[in-house]
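Shown here is one chain on its own, the form predicted alone, set out as structure tokens.
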């Protein structure tokens, strides 16, 4: 359904040039959930934004290929055909619903406007469809919520509204960029369960962005790990067989409730500087399993016998 090939993003201003996304490739099939994880600044959100070209702005150079169904390359589309895909075919769920919702407009009007903008139904049918989707995302007090302004709803309710807004045009692919970041743990669980249920019901392809491996561990079919702007590993989450030293380090940082500790573990050192163009492995300075060759050459992606992909000289 979606194929991203050799995606590169360069951001340039008067002071510096950074490369937040470097030669990124992955694909998503219908009904598949892919999670991209990594520390803040690793390039995962920029990768997600490039799919709908939301980072198409001054100073940004985006190259590569993003195939979607019969569209050969989304990157080359003009704004008018691109707007026919945004929200209708490929929908976004933001991490902060208050940024996605207009504070001056009532909830019902905002969701209805999505339908009318994409011509998905007639005006007289729109209200009933909006109410049906509010019910689908678990909102019981539909009449009140329909007439409410965003600030009159809790964070969890706002996120449910954002999900309803994303799904009401019946897209094939949903991009969820850390959709539970602003929520407490219990509400986070409920929103994830809601997304899983709707994904199965509607056979959605889902791209989930997260810095928290524990959030996606029981959610995604496949996990893509990014570091320093590039993919370092892609593995089957059902098998849970990760190989890259960075992925191993991330897993060790996850707290285990059954094993109380005095201090949480962290990966030592600083994250990779995205303004650098180096020939060494991006994770070299922080890696506990590094080899001499890691400083001399930049590792390429290797496909293991299991089908797993890893960017590391340990598996040559």
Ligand SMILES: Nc1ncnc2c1ncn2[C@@H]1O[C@H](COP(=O)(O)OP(=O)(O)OP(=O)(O)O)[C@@H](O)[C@H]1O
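Numbering follows the first chain given and starts at 1. Everything quoted here is computed from the prediction, not taken from an experiment.
Only in words, not in the display: the form predicted in complex with this ligand, which the text now covers.
Visitor: Choose from 26-34, 45-53, 285-293, 244-252 the stretch whose residues reach within 4.5 Å of this ligand in the predicted bound form, heavy atoms counted.
Guide: Stretch 45-53 is the one.
Visitor: Which of these residues, 230, 92, 233, 178, gets a heavy atom within 4.5 Å of this ligand in the predicted bound form?
Guide: Flagged contact: 178.
Visitor: Just one of 211, 127, 136, 217 has a heavy atom within 4.5 Å of this ligand in the predicted bound form. Which one?
Guide: Result of the distance check: 211.
Visitor: Does this ligand get within 4.5 angstroms of any non-hydrogen atom of residue 62 in the predicted bound form?
Guide: Result no; residue 62 lies far from this ligand in the predicted bound form.
Visitor: Would you check, heavy atoms only and a 4.5 Å threshold, whether residue 39 touches this ligand in the predicted bound form?
Guide: Yes, residue 39 sits close enough to this ligand in the predicted bound form that at least one of its heavy atoms falls within 4.5 Å.
Visitor: Taking the shortest heavy atom distance, is residue 274 within 4.5 Å of this ligand in the predicted bound form?
Guide: Residue 274 belongs to the contact set for this ligand.
Visitor: Does this ligand get within 4.5 angstroms of any non-hydrogen atom of residue 20 in the predicted bound form?
Guide: Because a heavy atom of residue 20 falls inside 4.5 Å of this ligand in the predicted bound form, the answer is yes.
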